[in-house]
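The chain below stands alone and is given in structure tokens; this is the form predicted alone.
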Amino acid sequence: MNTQVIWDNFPQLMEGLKYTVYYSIAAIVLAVIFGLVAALMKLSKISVLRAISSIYVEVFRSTPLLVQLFFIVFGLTGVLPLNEWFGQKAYPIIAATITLALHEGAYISEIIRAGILGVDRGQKEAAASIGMKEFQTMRYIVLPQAFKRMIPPLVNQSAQTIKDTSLLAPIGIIDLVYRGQIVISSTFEPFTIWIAIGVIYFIVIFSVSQFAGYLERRVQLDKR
């Protein structure tokens, strides 16, 4: 393995990693928002909202992310002038980030829903007995407790999101994999560069996973 090739092209790989981190952060933040909305809709007493949430979750969980990316980034432009609305260069990035967030949000919605359902029903009844409305109970009583329990699985899902950003390269979005492919085309060292890319992903995702483990231990200690 030619390690000199790695050091010579390390700045390019780090540039790609920078974009990967940007997309990951944006997608995670949006995914939590989408997931929270979908979870609350699924727990709603309104059947239409429950149906919309169920369709969203099932569609995005039951189809491959890469297919979703190709459909939203390229397919929708065939029926809507999205490139004109958002710009030829900006739309693919915006669409890819939102698609990634929608995909991850479908999984996060189930994490949030399970967390909400895990809160003792007696606390909801106690809140209602002192005159708190349903929205106030959810905001001040249920969600704070639920999110405390959801932190470890949410961090683990964030690690999955970072891994899923590798699928942005096939649609032409600059990230770590995309930069790696450029380096490979100029150095003809696929074995070495792919090992380097794998190691970089491992370091980042392993760090996030360790952080999730730390949070899980803290949550367990807090319960005692």
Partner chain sequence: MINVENLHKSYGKLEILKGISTEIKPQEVVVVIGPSGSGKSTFLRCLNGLEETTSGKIEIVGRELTNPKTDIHELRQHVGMCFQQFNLFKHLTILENITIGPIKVLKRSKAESEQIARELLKKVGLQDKEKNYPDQLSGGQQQRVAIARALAMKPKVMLFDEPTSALDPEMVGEVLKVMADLAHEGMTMVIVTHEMGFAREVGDRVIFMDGGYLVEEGSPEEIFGKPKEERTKSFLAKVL
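None of these values were measured; they are calculated from a predicted model. Numbering follows the first chain given and starts at 1.
Although it is not shown, the form predicted in complex with the partner chain is what the next lines describe.
Since the chain is shown here on its own, which stretch among 98 to 106, 125 to 133, 82 to 90, 150 to 158 would lie within 4.5 Å of the partner chain in the predicted bound form, judged by heavy atoms? Contact criterion met by 125 to 133 only.
Flag residue 145 as yes or no: does it have a non-hydrogen atom within 4.5 angstroms of any non-hydrogen atom of the partner chain in the predicted bound form? Yes, contact at 4.5 Å.
Within a 4.5 Å heavy atom cut-off, is residue 141 in contact with the partner chain in the predicted bound form? Contact with the partner chain, yes.
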